[in-house]
Every structure is written in structure tokens, then in C-alpha cells.
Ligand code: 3PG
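Here's a solo chain for you in C-alpha cells, the form predicted alone.
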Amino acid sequence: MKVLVATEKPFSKAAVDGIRTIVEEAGYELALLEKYTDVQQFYDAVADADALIVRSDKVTKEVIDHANNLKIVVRAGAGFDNLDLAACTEKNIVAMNTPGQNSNAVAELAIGMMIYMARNTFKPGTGCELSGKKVGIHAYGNVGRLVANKAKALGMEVWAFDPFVPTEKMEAEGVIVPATLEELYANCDYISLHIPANEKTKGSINYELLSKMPKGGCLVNTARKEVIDEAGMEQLLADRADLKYVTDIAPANQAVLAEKFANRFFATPKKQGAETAEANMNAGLAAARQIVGFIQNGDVKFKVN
């Protein structure tokens, strides 16, 4: 049984050592493909793999077609839009993610981004405090809940909208639940985005919705690039000189936004949400354990296809 870890951006050495221990103690072989520069290297490496662990690497139909023995692929992280689920299903390959393992790292970054924008991106001038401000959590999952907890500790009033989480549960955790998504955006000084990218959400954070934000509002995106209507965002920042946008996923029109709205827009140079030593370790080890659990016990708890 061969487990391949294919990572253009490698795990830390400590995480790889931990993955190796889990895999080899189960009696399996571990193979590494790190910092590869050509997709053909991926095709060749996956050809005889029984299990695959990736990070943000794209597991396309072409990758799947080259995988002759593959039974399971695990994306070490919460998002799984880099996996071709249809291709996996067609070849009876189980696809999984590792929800919750990166959540604290992303939540801390979201709060840090709010502070960064509130303090004028650390440039000279008078900023503002987060205490007493309203933050709207758009999707109250693992990350959203942690952002809410940290925001409350800073003295913020927390609102949240998530049609998949019972209102009673959110209210029991001290969260104000608006009747509509539009009401969330209209009332909150900060909106923290945590929605996935799918057919319903792509481009949904658009001009009409964002224009409802109050004066001085700030959108914080640690979710996915695709959920933003980027042309609408550019127009909004032009029309509303008071609004700000900070993102962990650089938009296609980043250069234009940075030039036109330098003091109100910031994008991290490369996605930073899960870039902590702890998240790196947690997600890698979880992926390895899930593979062993699937092979030995048929455990498909985190299956996404």
C-alpha cells in the first residue's frame, strides 16, 4: 500500500515526519513529491499510489486518469475545490478534506486583518478600535465560530448569518442573527467571509450586496477568491470612498485595486490563512490518520464526494 504526499508547496519537515510515522506504523509505504515544477511529475508519481495527500495542489481529471490504483485522496485543509470530485466519483475514489484543522489559524488572520485595516495599514494617521464595532460572520462554521469568539473577546458585537446553522444555536452563543443576508451587511462595520466557492456562491458578494454596508465598512475575505464579483468590487471602491477591502486571496484585478485604492485595499502576497506551524502539522497528520482509518476500517466520515 503506497501513500503519496504530493505538495508543490511542501509540509514542514516536522509534519512530514509525523505523516511518515503514522503511515509506516500502519504498515504502508510513504512516497514524497515535493516542490514539483511540472504536472508530468505529478502524473508519474501518482501512477502507482493507493492513497494521495495534497495541499492546494490541483487533483484534476487528468491526474485521476493517471492514477491506476488510487482509492482515496485527502486534501489537507478545509476547502476542497482543488479536487475534481466528479472524476474521483467516476473512478470510485473517495475524496476527503480535513475540516477544522486550519480553522484557528484562519480565524486569527481574519482578526489580524481587521486590526490592520482599522489602524490604516499601520501607516501614520488616526485609526479606530475594534471594540464597540459590529462584525458580521458570513457562514458560521468552524472558522466563523472562532472569529466570533475572538471578536467578542475584543469587545465587538457579533452578528452571523448561516442558513445551515440553527438560529437557536447561534443565539445561544451570544450571536445576533439577522433575518436576511442583506440585513447582516447593512448593519455590520466588518464582514468576515467564510463561505465556500460553489455554483451558488461564486460572484455572490457583489456590488448590490456590498453597497449596503454602513459608512466606513470593511470586507475581510479569508475564504475564496471566486465568491467575489471583482468588477463589482472595483466599482464599489470607486463609488464609496469610505469602504475598505482586505483579502487573503489576491484578486485578478489586484494591481488595479492597489493602484487606485492603496489606503483602502490590501491583499496578502500569498495565501496565508493556513500558514502556521500548528495548522501545517494538524492538517497533515489528520490527512494521514484519515487515510489509515479508511483503508483499515472503511471510515468515510469526512468524505466530500
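Residue positions are given as counts along the sequence shown, with the first one as 1. These figures come from a predicted structure and were not determined experimentally.
Keep in mind that the form predicted together with the named molecule is not shown, yet the notes after this line are about it.
Colleague: Heavy atom within 4.5 Å of the named molecule in the predicted bound form: which of 210, 170, 158, 78 fits that? Just give me the one.
Modeller: Only one option qualifies, and that one is 78.
Colleague: Which residue among 64, 243, 274, 49 has a heavy atom within 4.5 angstroms of the named molecule in the predicted bound form?
Modeller: Answer to the contact question: 274.
Colleague: Does at least one non-hydrogen atom of residue 224 fall within 4.5 angstroms of the named molecule in the predicted bound form?
Modeller: So residue 224 counts as contacting the named molecule.
Colleague: Would you check, heavy atoms only and a 4.5 Å threshold, whether residue 9 touches the named molecule in the predicted bound form?
Modeller: Output for residue 9 is yes: heavy atoms within 4.5 Å of the named molecule.
Colleague: Would residue 56 show up as a contact with the named molecule in the predicted bound form if we use heavy atoms at 4.5 Å?
Modeller: Heavy-atom contact with the named molecule at 4.5 Å: present for residue 56.
Colleague: Of these, 235-243, 31-39, 253-261, 266-274, which stretch puts a heavy atom within 4.5 angstroms of the named molecule in the predicted bound form?
Modeller: Only one stretch passes the 4.5 Å heavy-atom test: 266-274.
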